[in-house]
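Given as structure tokens, the chain that follows is alone and in the form predicted alone.
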Amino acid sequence: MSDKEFNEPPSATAGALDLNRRQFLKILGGGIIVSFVPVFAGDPPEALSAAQPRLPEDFNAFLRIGEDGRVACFTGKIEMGQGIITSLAQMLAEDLDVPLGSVDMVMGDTDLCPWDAGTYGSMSTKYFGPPLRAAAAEARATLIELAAERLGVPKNRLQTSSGVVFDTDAPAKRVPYGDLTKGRRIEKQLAEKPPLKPITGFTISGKATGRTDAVEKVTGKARFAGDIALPEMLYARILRPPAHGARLTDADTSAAEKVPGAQIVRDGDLIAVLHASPDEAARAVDLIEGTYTSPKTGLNDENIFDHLLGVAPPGAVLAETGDLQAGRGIASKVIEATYRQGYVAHAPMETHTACANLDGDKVTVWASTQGPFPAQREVAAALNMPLQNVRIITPFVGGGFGGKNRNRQVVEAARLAKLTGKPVQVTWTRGEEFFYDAFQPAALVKIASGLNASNRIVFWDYHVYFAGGDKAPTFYDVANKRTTAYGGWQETRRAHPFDTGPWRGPNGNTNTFARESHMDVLAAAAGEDPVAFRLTHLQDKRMLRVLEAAGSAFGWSKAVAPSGKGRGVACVIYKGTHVAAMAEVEVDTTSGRCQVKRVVCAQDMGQVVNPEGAKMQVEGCVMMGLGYALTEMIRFRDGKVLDRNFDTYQLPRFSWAPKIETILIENPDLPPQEGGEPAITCMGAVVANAIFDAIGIRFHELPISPERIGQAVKRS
């Protein structure tokens, strides 16, 4: 969030569907204002296809060029570490012709920023960036028209540079952008939409740029929801059930009431202790004795896959080519296997946090959320308030990965603020974060496949349970193939003992693990090198290019696995981004520990807005992906989450960090594609394949923990 303050209270909220355009624009004050809405080529992304409330045309974002020459971009997107606060500003600055340092990104404030469905799916740059560029180009063209009037010269003689319009015939005749507004609000409609700046003319976009929020974050100046401190604010701790499905039948609060300064609040299902000290609130809530009915589901992390097969919905064919029976008929080798992945927690460093303040009939909540506008609706419903009386402000968010799309803590803080009449902060403990997490769903994949006498894949019959979607169909060249899905992560609540939801690369991690592991199984059965085997089954030119680039950088030499070298490969096409990853591992068969020593990742993501930011995203994907590949899995019994902190749920550590080399394939003719998720989906498979190459043991279930490696070595 920019340090720039925009505090004038609005007379209407951007989230309200009956928004009055004039009222909203009034709060922006003077300057040149350009409004725009993203337009999706073809169908909108899967996550947006559900019937979300739609605002009137031109109400998805605003640009304002102020009298001081600064440019503000108002957007409902939020910054949670992915770097769009920098990359979006680069795209805006490029087509507006202003210095990057003059751009303020005003993000995630429902009173100032027009409605947005949320920040997720690695979609901000791909879908929000192009219309942002178009708006910047329109603003620049408007400035040229105004300058032509001011300077008395034809438009075709005017150019722009660094926030100034000048006469190419007389460069001394110039006017800064800010001088063209003079404090007035100017809304100007152009007869024709101006063209975007050609890539060959880029000086900001496409250049490696340091994060614009870096200094704030490394110096501690950056504000997160937990940094909000208001006069007379109380810290809340809430009584939680011991298991999912447990119901409270009685609660003895007498001991907690004796803690000096403690205030006990009970409102239906909500029992909380509030105190001026967070430590005292925590001590008091531990003194409450709750009695619960305990669920007996019989489900645990060992039998969950059998359960999922039993409750799976009917299958839906996602993709089909050729004739499976015909393919089986010409197969000389038929190979079948099942691949599994357990529940994985989001585990962000910042737990769910919200600070709520009631002021008359209005409430403001500072929230750690990926969806401020959905949070606004939830709070309005919980407090029975008009939508325009609820303001959600999203400061920096300390990690989300898909796990902060739900807003329980936001509603809790708002309810408690209304009940007490004082500002209230709710900050979840690490145990609460694990308990209420919407985990990546457990899922499994069954594959039947066959090779002919020439070692070509002649059929591919793929069945995925609870990870269906656009990541499931294979991109390899197989004449007879079919992909059948039995539920996706969006449809899984009835199948699981707790909430599940999108986890960085939803569906992609499970499907890439299964597909790329099975490709290695087939390569070994064919007696071929796994990279060469893939190359013979690829026609996609972009994928061929990234795989060859990864192999060249890695120094891959042909060998049939297991070769003892500990090398692995995995590929993915993820929402328009093509990735090939290669890894080298070392496995200690005594301790079972796998050390990933090196990872090379080649990625074609179209135009690269910020190469430095893109590399950071890939490196983050690699490190985070090592977790689900090697250690991360939630253990549970009868609705009880057994892993509630990092003593038993092990995240990747600094000592795990391999040497990471990122290769960004130049493809400037393709608009920017996703960058925050594709590479992570390769990590389970590339590690599994490298472990097989090292010790000759194929693992069909993630994570490949030291315990599982040790047990497998003993059995071998």
Partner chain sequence: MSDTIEFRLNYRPVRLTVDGERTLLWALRTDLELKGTKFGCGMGVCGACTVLVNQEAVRSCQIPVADVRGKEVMTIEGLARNGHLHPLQQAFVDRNALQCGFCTPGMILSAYSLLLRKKSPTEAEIIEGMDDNLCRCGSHQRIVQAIQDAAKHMRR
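Positions refer to the first chain, counted from 1. Just so it is clear, the model here is predicted, and its values are computed rather than measured.
As for the form predicted in complex with its partner chain, it is not shown, yet the points below apply to it.
Undergrad: Which one of these stretches, 425-433, 238-246, 161-169, 312-320, sits within 4.5 Å of its partner chain in the predicted bound form when only heavy atoms are counted?
TA: So the stretch in question is 425-433.
Undergrad: Ok, P348, P130, P176, G639: which has a heavy atom sitting within 4.5 Å of its partner chain in the predicted bound form?
TA: Among P348, P130, P176, G639, a heavy atom within 4.5 Å of its partner chain in the predicted bound form occurs only for P348.
Undergrad: Can you pick the one in E302, D279, E232, D540 that has a heavy atom within 4.5 Å of its partner chain in the predicted bound form?
TA: Of E302, D279, E232, D540, the residue with a heavy atom within 4.5 Å of its partner chain in the predicted bound form is D279.
Undergrad: Is there a non-hydrogen atom of N645 within 4.5 angstroms of a non-hydrogen atom of its partner chain in the predicted bound form?
TA: N645: contacts its partner chain in the predicted bound form.
Undergrad: So in the predicted bound form, does any heavy atom of I660 sit within 4.5 Å of its partner chain?
TA: Judged by the heavy-atom cut-off of 4.5 Å, I660 is in contact with its partner chain in the predicted bound form.
Undergrad: At 4.5 Å between heavy atoms, is M80 in contact with its partner chain in the predicted bound form?
TA: Close contact exists here: in the predicted bound form, M80 approaches its partner chain to within 4.5 Å, heavy atoms only.
Undergrad: Does G421 make contact with its partner chain in the predicted bound form, using a 4.5 Å heavy atom cut-off?
TA: G421: no, not in contact with its partner chain in the predicted bound form.
Undergrad: Is it the case in the predicted bound form that S294, G403 and F498 each bring at least one heavy atom within 4.5 Å of its partner chain?
TA: The answer is no; none of S294, G403 and F498 reaches its partner chain.
Undergrad: Taking its partner chain as it sits in the predicted bound form, which residues of 389-415 have a non-hydrogen atom within 4.5 Å of it? Please list them.
TA: Heavy-atom contacts within 4.5 Å come from V397, G398, G399, F401.
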